[in-house]
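In structure tokens, the next block holds one chain alone, the form predicted on its own.
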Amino acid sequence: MERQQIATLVEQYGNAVYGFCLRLAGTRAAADDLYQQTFLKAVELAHKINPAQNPKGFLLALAAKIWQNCYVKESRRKRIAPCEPFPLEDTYELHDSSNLQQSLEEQEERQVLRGEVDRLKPAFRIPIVLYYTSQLSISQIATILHLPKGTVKSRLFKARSILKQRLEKSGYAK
């Protein structure tokens, strides 16, 4: 695979990969780093990318693996020398002043859901993000994570159950 083909992959799948990186990393700065590392690794592994065999899945798998490695390193560091992040103020986008209340409620619900998804263990969070955010099939997720389809299905089920319990506990029962 040549540089031009890598550039084509960036054009075709860059937004999907960046969205996935953002959901995994949580912040724009960390997502930017993860995105960059993913495509640097893709250039390094260009000989393994087959355009006919789901290159998007290959790129998402790279991003997941790189994030997982960073997550393990960061977890070790936190155990050795824990530190607390500086809390940032919440921002709200206002779309229409007539629907201000509804807009704020919807944003709050999305924020709560994102927070609960972020609190999931990586084994549950990654399949949920891949399934709902990146809109990949169970078989594609299984290929990306190198897991059997049944394991992906059970992790999705378990993640949904955990999210449902947590949201009901928070008062978001539907």
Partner chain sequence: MQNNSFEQKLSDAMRCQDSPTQQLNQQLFAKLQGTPSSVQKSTYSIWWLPAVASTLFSLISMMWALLFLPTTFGRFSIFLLGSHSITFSWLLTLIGVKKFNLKTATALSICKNS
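Numbering follows the first chain given and starts at 1. Owing to the predicted nature of the structure, the values given are computational and were not obtained by experimental measurement.
Same protein, other form: the form predicted in complex with the partner chain, not shown, and the subject of what follows.
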item	value
Within 4.5 Å of the partner chain in the model of the complex, all of Gly26, Lys121 and Leu136 (non-hydrogen atom)	no
Contact of His146 with the partner chain in the model of the complex (heavy atom, 4.5 Å)	no
In the model of the complex, Ala63 touching the partner chain (heavy atom, 4.5 Å)	no
Contact test in the model of the complex: Tyr131 vs the partner chain, heavy atoms, 4.5 Å	yes
Residue contact check: Lys56 to the partner chain in the model of the complex, 4.5 Å heavy atom	no
Partner contacts in the model of the complex for 6-41 (non-hydrogen atom within 4.5 angstroms of the partner chain)	Ile6, Ala7, Val10, Glu11, Gly14, Asn15, Tyr18, Gly19, Leu22, Arg23, Arg28, Asp32, Tyr35, Gln36, Phe39, Leu40
